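Below, in structure tokens: the form predicted on its own, a single chain.
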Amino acid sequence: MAIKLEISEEKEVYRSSYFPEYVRPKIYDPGLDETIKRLTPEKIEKAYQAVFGKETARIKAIVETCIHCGLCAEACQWYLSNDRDPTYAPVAKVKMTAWELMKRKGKVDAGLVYDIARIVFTECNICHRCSLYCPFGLDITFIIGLVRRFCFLLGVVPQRMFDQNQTFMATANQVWMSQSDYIDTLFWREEEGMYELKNLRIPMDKEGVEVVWFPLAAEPKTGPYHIDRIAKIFQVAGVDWTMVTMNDYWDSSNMPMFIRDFFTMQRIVKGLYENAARLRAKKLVLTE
């Protein structure tokens, strides 16, 4: 294993055995630290071939077109908020992850997988700012997404992200909220909102509307006041709108997208669009 700890006066420090310049605070996460113990060279190479086997030429084109101008770094909040440490620059993240995997043709050990997973999951928001600032429009986020997919197939994913993905697989929302609790919350927020806006309504499964609004599950679960706030805006603006309650697909956060669980993320998107089509809504409005 390529995990080393260096004890400083303040905290443990992680130093990569592959990238001498890569020094970070040591943070224990069972989704990374425990899962790499179950990896074998065969599993790693199989995941590499599944993800990168058909994308090698595209990735090489992106990496070899890069002129290292540094504009992507200036667009990255991780780079700027860490005193412009070059290891946080988007181009460095690509070099230490996808490029390293390709150079070794997937023949790497669990230690490097740990480094790669930590970089792509905890040091990048896949916000696309780097690609927008790149003078060639190179899609760096696409590469980071592929590496996340590689890690997902190996099960090496930060525990919280993996838990949210499992929640979506079981309940189609990120907070284990049952359908009955969700509907009860909508009725409750409609009643609460009436104290501030007379005749407030939160329409449910209304057909032929202008807008169907899909919230994040965290809103009815932990921030239910957002529901009636949105309802007040729609009502005052005179928008013909509705919310969905007829089936499980109403949470638009789609956390599986962030770890590149293609099957689950596509199931969520398909469910949202089918609900909108069923109600013959003209527009979809999503939180965030």
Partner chain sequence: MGFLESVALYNFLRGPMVWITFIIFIVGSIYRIYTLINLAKKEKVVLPFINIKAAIKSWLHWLIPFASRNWRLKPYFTTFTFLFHTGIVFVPIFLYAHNALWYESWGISWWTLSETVADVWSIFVIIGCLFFIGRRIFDPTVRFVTSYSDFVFVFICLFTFLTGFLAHYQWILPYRAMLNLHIMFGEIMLIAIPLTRLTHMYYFFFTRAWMASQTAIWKIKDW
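Given the structure is predicted, the values throughout are model-derived calculations rather than measurements. Residue numbers count along the first chain shown, from 1. Whichever C-alpha set is largest while still superposing within 1.5 Å between the two forms counts as the rigid core.
Note that the form predicted together with the partner chain isn't included here; everything after this is about it.
In terms of contact with the partner chain in the model of the complex, the residue from 43, 38, 60, 229 that brings a heavy atom within 4.5 Å is 60. Among the residues 160, 128, 201, 107, the one placing a heavy atom within 4.5 Å of the partner chain in the model of the complex is 128. A residue is said to contact a partner when one of its heavy atoms sits within 4.5 Å of a partner heavy atom; residue 208 fails this definition for the partner chain in the model of the complex, lying far away. In the model of the complex, the partner chain sits within 4.5 Å of a heavy atom belonging to residue 66.
Although the partner is absent from this view, residue 55 contacts the partner chain in the model of the complex, with a non-hydrogen atom inside 4.5 angstroms.
Remark: residue 184 does not count among the residues lining the partner chain in the model of the complex, judged by a heavy atom distance of 4.5 Å or less. The putative spot formed by 79, 91 and 135 is fully lined by the partner chain in the model of the complex; each residue has a non-hydrogen atom within 4.5 angstroms of it. This chain is displayed without the partner chain, yet in the model of the complex the stretch 69 to 77 from 69 to 77, 174 to 182, 109 to 117, 193 to 201 comes within 4.5 Å of it by heavy atoms. Residues 86, 87, 89, 91, 92, 95, 96 of 85 to 111 are found to place at least one heavy atom within 4.5 Å of the partner chain in the model of the complex. After superposition on the rigid core, the Cα atom of residue 153 is displaced by less than 2 Å between the shown form and the other one. With the core held fixed between the shown form and the other one, residue 69 has its Cα displaced by at least 2 Å.
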